[in-house]
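Here we start with a single chain on its own, the form predicted alone, put down as structure tokens.
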Amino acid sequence: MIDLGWSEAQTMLRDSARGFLAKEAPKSVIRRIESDPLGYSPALWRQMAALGWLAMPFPESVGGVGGSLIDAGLLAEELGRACLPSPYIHTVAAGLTLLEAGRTDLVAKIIAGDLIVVPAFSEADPRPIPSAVKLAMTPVSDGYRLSGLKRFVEYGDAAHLLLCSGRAGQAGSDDAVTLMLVAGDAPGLARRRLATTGGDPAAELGFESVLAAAGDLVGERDRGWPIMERTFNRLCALRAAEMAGGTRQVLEMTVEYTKMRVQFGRALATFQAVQHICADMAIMADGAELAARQAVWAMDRGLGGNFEVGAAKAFAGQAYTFAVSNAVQLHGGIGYMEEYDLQFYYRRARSEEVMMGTNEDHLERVARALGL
């Protein structure tokens, strides 16, 4: 039997993280971050590193704290509750891939808070399938020349390093994907920030004969799809945890508001119809948490994860959207106001529902994992 509850130490970590975010990342700070072209707070990033959050899933042998992806998932839930724009889940997912590739020098910089690395996988076809990868990686005498376009890369305009997927050969094979590290300021790389609905910024990356050294390969040439899929699954699992945290916070905000709001001489929470809606929201929040934690557990244990991750991403997306849609209705007019905090969660839910693949895309992954 899988125990998806938190241990005593994890409960202490959760409480510590929640207290830190409540103090250092109130909604006034998040408003400033969203209006900042950088899209995240370097000061908060340094504080997260100092607290050991960036070291959490890495072993002590490379300077980590010997935690697990489950601990990182716990922190992702708290980041989702706070609605804080941060490249945390992206850098953790990419960092674990670099660890497996033996790039401990880069992992040490991540842990210190000196390096932000994000996966750059999405292209014109955003589906998480091998055939969607088109970026050309042409072998040259001193490495590879990259040409093409990546779209909707979260924190792509702020990252110091990009973990890119592309094609270096064997054009007839869908699975012949190659992974390459590219510096964010590499000559020939054009980064254009895109307007997004949610809090996490995204960018379009144009590669115009960008040169990368042979030593920047992650894994073997043309054999990068399993690595890419594992990185993608880790990131999706952490994203599901983030969405679950947001769903839980929306539920708690709504319950408190209905207790306070008086309508027809009674608290809104005393109406049975309102209680039914809140109960449905609670069921969805519980389901999102359990699905996300199972997905993170599966990836932490080195399992394939396609079924667990696909189910978690789809269900957490549906739960988050269900929660914010009902929360807006129960809040009434104030739920539509930008001055009120609910709008942060509404925008993020609508954005995260489609980022890294739609619900339908992930349900297809579930079906394939079941052999359907």
Partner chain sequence: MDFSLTPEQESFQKQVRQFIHEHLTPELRAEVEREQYAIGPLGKQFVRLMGQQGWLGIGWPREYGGQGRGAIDQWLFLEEMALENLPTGGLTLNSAGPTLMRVGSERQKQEYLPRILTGEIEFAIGYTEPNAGSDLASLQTRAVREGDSYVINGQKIYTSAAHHSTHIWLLARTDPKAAKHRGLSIFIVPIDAPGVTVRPLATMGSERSNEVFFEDVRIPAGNLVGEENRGWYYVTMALDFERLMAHNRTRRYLEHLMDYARSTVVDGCPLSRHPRVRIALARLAVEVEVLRLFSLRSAWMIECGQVPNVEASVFKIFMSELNQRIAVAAQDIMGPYATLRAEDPAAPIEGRLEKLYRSFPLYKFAGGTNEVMRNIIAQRGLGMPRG
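Positions refer to the first chain, counted from 1. For clarity, every value in this text was computed on a predicted model and none was experimentally measured.
Unshown form predicted together with its partner chain; subsequent notes refer to it.
- Although the partner is absent from the chain shown here, 321, 325 and 355 each have a heavy atom within 4.5 Å of its partner chain in the model of the complex.
- Contact with its partner chain in the model of the complex, judged as any non-hydrogen atom within 4.5 angstroms, is confined among 136-144, 175-183, 264-272, 219-227 to 264-272.
- The partner is absent here; in the model of the complex, the one residue of 87, 126, 287, 206 having a heavy atom within 4.5 Å of its partner chain is 126.
- Site annotation in the model of the complex: the residue of 194, 211, 214, 279 reaching within 4.5 Å of its partner chain with a heavy atom is 194.
- Shown alone here, residue 360 lies within 4.5 Å of its partner chain in the model of the complex, counting heavy atoms only.
- Residue contact with its partner chain in the model of the complex: residue 343 places a heavy atom within 4.5 Å of it.
- When its partner chain is considered in the model of the complex, residue 152 lines it closely, a heavy atom lying within 4.5 Å.
- Within this chain, residue 351 lines the site of its partner chain in the model of the complex, having a heavy atom no more than 4.5 Å away.
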